[in-house]
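There is one chain below, alone, in structure tokens, taken in the form predicted on its own.
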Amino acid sequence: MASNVLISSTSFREALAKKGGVTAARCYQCATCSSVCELAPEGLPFPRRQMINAQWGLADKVAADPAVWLCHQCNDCTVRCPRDAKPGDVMQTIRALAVENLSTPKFLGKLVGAAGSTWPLLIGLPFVFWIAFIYAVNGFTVPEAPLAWHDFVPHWMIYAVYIPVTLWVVIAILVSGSRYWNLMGQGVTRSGSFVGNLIPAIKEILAHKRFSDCEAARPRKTGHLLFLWGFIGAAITTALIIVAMYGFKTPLPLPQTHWMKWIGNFSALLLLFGGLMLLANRMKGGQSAGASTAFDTFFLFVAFMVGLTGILTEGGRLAFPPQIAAWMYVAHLSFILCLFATFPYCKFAHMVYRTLAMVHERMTGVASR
């Protein structure tokens, strides 16, 4: 395993303790966690084995274990643990370490993984970039009302930024995802096609079916669903507008009564309310909510601000003075850039690794080692 270890055992134990998984040392292997987990398969239940692997610093086993991602942090295990070892929080910390150490390049994973101290840089750099870019192009000259955003930030500027960033993110995800897929596949036999098993896995994720089996964290299901479908709706709206612009020569800005506006605004509301529910759950605290970390909060905050600034930008174009509306638009573009650029390195990457773990589970019938 030497060539495939993502992090040494000593470094793994130190990082686990530093990032919130220190309670793993309390575990005395009573198996209460595995017995109460509704998501763990009968043959290879979790998280008992993952807890002992974490205690022993078996980083290679933990890194290649799909059960780490099949865990949805229901926290039924944490609520019932007689030793307060917080298995749900430990699994969450292991996932954060996995994202950090699977990252391509790794220094970006480290940067986002340390969001508790690096967040001013992660959020501030996109703002500085957009302000400088707009100033270099048009001197930050704001057109008179009613604003049309393409008069302030032409479409070519949007494409010049987000197309390269998107390509970078796709490459980073493909490289990191391939590393994890290969790690999981060591010593096991997969059967069937990847795509054939990917489709039902995606359907399950879109419905958040496994969250329904959780007890302690069941209230989080609604927030997660709203959040997920808000992103999906926003992506669909963007694609529809691009097709309308270039395929049907539809003039912009669209009127507020246009059906594409309704989809976009509704998606933003889903994102906003879903984010509020998840943030409120985190702030409430308690064992059922799990421990809050900067890694989680950073992603939630940025995604929430994408939705909030999107709504303010949409309404502000007509309701605010042009200068104020322009700054709201800059904020919106900046938070979108931050979210896109950190996708492979923040909690957003769960979407990739958990999906791969669920596909692997279907192709092997094995949940964990």
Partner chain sequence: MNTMTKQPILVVGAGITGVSAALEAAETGCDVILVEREPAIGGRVLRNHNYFPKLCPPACGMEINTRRLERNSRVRVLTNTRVTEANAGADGWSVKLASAPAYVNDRCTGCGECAKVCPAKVPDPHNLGMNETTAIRSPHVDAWPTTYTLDRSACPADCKACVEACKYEAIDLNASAKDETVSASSVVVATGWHPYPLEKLTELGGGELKNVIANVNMERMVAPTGPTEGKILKPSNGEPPKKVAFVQCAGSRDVNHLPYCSAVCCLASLKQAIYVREQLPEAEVTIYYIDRRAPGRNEDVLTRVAEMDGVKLVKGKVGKIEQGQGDGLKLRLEDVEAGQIVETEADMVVLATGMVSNLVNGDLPMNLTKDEDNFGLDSLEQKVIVAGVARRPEDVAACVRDATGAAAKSVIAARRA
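Keep in mind that this is a model prediction, so the values were computed, not measured. Numbering follows the first chain given and starts at 1.
Keep in mind that the form predicted in complex with the partner chain is not shown, yet the notes after this line are about it.
Interface membership of R317, defined by any non-hydrogen atom within 4.5 Å of the partner chain in the predicted bound form, is ruled out.
Taking the partner from elsewhere, Q55 is found to have every heavy atom lying beyond 4.5 Å of the partner chain in the predicted bound form. In the predicted bound form, the partner chain stays beyond 4.5 Å of every heavy atom belonging to T309. By the criterion of a heavy atom within 4.5 Å, P322 is excluded from the residues contacting the partner chain in the predicted bound form. Segments offered: 66 to 74, 27 to 35, 329 to 337, 300 to 308. Contacting the partner chain in the predicted bound form at heavy atom distances within 4.5 Å is 27 to 35. Taking the partner chain as positioned in the predicted bound form, the residues of 81 to 110 that bring a heavy atom within 4.5 Å of it are, in sequence order, C81, P82, R83, D84.
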